[in-house]
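A single chain, nothing else alongside it, follows as structure tokens in the form predicted on its own.
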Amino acid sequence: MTNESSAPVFFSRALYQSIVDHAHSVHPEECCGLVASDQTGTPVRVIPMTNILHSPVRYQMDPVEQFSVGKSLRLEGMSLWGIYHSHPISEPYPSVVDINLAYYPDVFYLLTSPVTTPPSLRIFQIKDSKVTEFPLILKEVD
């Protein structure tokens, strides 16, 4: 279920391009990664992760990478803002599996599909199996 009255989320074109580039680089597998925010809560960094499943329909981040990145972000005073992945052959909307594995209710989930032109990027929060989409507004300057 989508809630169109949600407040828009601003996201830089550079971060968008990083996610899209990552999706293209591993296509037809799903890409996955993290988005970090600074102390103001502004997303400032995309961190590509390894999909250890190497699958076109599922992803699982490398746990060693994930632990290392989490530690580095904390040391830099940054926070986990979002988790992204791609749907290489379908629309970028959370699947039942995505919803069931959404363990972080306070972060954004970003989904892209490299098969659309231009590549789409959609943003959601998933809390208690409820999917809420937020309007995504790309901005030029970080």
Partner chain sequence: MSVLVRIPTPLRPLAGGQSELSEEGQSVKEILDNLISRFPAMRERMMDESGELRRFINIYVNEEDIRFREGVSTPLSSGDEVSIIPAIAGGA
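Residue numbers count along the first chain shown, from 1. Everything numeric here is computed off the predicted structure, so don't read it as measured data.
We do not show the form predicted together with its partner chain, though everything after this point is about it.
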item: Exercise: R58 in contact with its partner chain in the predicted complex, heavy atom 4.5 Å; value: yes
item: 4.5 Å heavy atom contact, L101 to its partner chain in the predicted complex; value: yes
item: P105: touches its partner chain in the predicted complex, heavy atom cutoff 4.5 angstroms; value: yes
item: E29, heavy atom within 4.5 angstroms of its partner chain in the predicted complex; value: no
item: Residues within stretch 37-76 having a non-hydrogen atom within 4.5 Å of its partner chain in the predicted complex; value: V57, R58, Y59, Q60, M61, P63, V64, Q66, F67, K71, R74
